[in-house]
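Same protein, same chain, two forms; see structure 1 and structure 2 below, as structure tokens.
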Structure 1
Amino acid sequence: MAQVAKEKIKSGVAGAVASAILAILIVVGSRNLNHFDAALVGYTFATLFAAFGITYRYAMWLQRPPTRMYWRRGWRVFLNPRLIGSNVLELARRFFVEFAANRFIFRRGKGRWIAHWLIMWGCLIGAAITFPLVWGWIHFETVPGNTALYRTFVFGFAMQDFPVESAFAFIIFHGLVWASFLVIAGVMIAFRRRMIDHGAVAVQQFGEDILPLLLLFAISVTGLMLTVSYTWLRGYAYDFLAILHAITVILTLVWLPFGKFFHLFQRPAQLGVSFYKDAGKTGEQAKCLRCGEPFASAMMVRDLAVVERQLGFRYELGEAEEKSSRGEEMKTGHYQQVCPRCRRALFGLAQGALWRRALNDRLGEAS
């Protein structure tokens, strides 16, 4: 219990620091709130809460023995001075192939890949536009003396002028519309799969599979309704739609650290795990204690034995068990040093030995 409390305190401090840093950046980026829209204060507090919750949960996740081991090993392998150059290039390649292109989803099916890709990029585009605007980091002003030009300000610094009636302005000012189209299309494809794929229907849960799609759909549709209201309906029901949209966005941000969307922040860590696995493939290989054949990375086997001891599982064999109990380093004699094929063989032999013992006991009783 004391260890759990300590982990919670560390995570709480990390979450508070993250929220404080974000709050400072909002004040500084908006030039002491001069470019901050007070009407968006609800969104701002929701993002501050989300920053706390995401950091808290991420810190708790990193303190788990398996995650902590992968995290440390991954960084150690990536920052290896001899491999740092090639690792950076490989990281860039994997970022675009695995993350940006979602190849890891493509392997599971084209339909899932299309839905995931549309939803991911719709959300990323929407977040890249919404958050800087809400926090006052980006704003637009008409150019003095020329009302046909708009000037972009980033963190209070003038960046670019562009005509109000240009195609560039149309694309930029409707960026959230394009993002909503992507999200809605992805959600529809995902819903279709969950309705006709019997395998998906059998294992899906409302909170993990349906609710995230409903929230994304609600945000996108209410956002599009705002655009329809001020573009074609002369602002009809705009106030109501603005409140409805704000409610959906704020609820999603508050729920973000606790629901399925948290995997968005866990997924990038998978890139580090891939370097750990690559280092294991090219490094020393562990040989089975029973058959002597190599079967896995020696580094992974050693790390797995350490993690198991940290979790309270002890699979040392013979002398190694005595050394481990005294706090000495385990060299040989651990169950993880037995290959899967020999584990199955040992399991069968153990069952056979028990069967023979039971049979001998019965024969002894009969005689």
Structure 2
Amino acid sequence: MAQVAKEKIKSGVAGAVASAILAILIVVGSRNLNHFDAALVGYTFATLFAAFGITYRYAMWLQRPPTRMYWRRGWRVFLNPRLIGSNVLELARRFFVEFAANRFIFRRGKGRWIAHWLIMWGCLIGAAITFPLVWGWIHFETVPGNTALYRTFVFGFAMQDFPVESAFAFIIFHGLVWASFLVIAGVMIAFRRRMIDHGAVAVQQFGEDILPLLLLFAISVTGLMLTVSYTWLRGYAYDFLAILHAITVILTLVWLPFGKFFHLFQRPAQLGVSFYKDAGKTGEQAKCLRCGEPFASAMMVRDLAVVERQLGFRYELGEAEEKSSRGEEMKTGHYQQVCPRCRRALFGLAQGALWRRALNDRLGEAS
């Protein structure tokens, strides 16, 4: 219990620091709130809460024994001075192939892939536009003396001028509209799969699988309604729609640390794990205690045995228990050193041994 309390305090501190850093960056980036839009204050507080919640949960997650082990090992392997150059190149490749293109999801299913890809890019574009605007990091002003030109300011620094009536302006000022189109299309495809795929229907949960889609849909549709209101309806019901949109966005931001969207922050661990696995493949291999065949990286088997002990499992075989309880590295006698194939064979052999004993006992009694 004391350990859990300590972990919570650490995570709480990390969360508070993250929120404080974001608050400072908002003040600095908006030039002492000069470019901060007071109408967006609700969004700002929601992002500050989200920063706290995400960092808190991330810190709690990192303190779980298996996550901590992978975190440390992953960085150690990645930062290995001999391999750092090739690792950086490989990281860039995997980032584009696995993350930007979602190749691993494509291999899970084309429908799933297109839905995820559209939703992901819609959300990323939306976030990249919304957050800097909400925090006052980006704002636009007309160029003095030329009202046909807009000037972009980033962190208060003038960056670029562009004509108000230009294709470029049209595209960037409607960035959230394009993002909404992507998200809505992705949500529709995802919903279709969740309605007709028996396997998905059997295991899906409302909070984990349906609610995120509903929230994204609500944000996108209410956002589009704002555009419709000021573009074609002369601002009809704009205030109501603005509040409705704010509610959907704020709810999603507040829910970010708790639900499915947290995978945005967990998922990059896949990259660290890939380097750990690469190192495992080229390193020493663990050989099965029973069949003698190599079956996994020795580093992984050793690390897993340590993690299992930290979690309270006692898979040590006989005397190895005493050795490991003294903190020495386990070298022999751990069930983790039996390959999965032999574990399956042992399952049948153990039952056979019970029957043999039982039948021998009965024969003994009979004679």
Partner chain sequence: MKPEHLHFFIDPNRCIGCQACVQACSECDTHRGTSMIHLEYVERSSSVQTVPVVCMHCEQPTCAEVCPADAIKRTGDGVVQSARKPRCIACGNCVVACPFGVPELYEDKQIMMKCDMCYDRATAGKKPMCATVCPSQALFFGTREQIEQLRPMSMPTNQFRFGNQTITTRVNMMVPRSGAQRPLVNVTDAMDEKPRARTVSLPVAGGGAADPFAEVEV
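Counting starts at 1 and follows the sequence of structure 1. C-alpha atoms forming the largest set that superposes within 1.5 Å between two forms make up the rigid core. Predicted, not measured: the structure shown is a model, and the values here were computed from it.
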For the form predicted on its own, pick structure 1
Core superposed first, then measure: what is the displacement of the CA of Ala358 between structures 1 and 2, in Å? 3.1
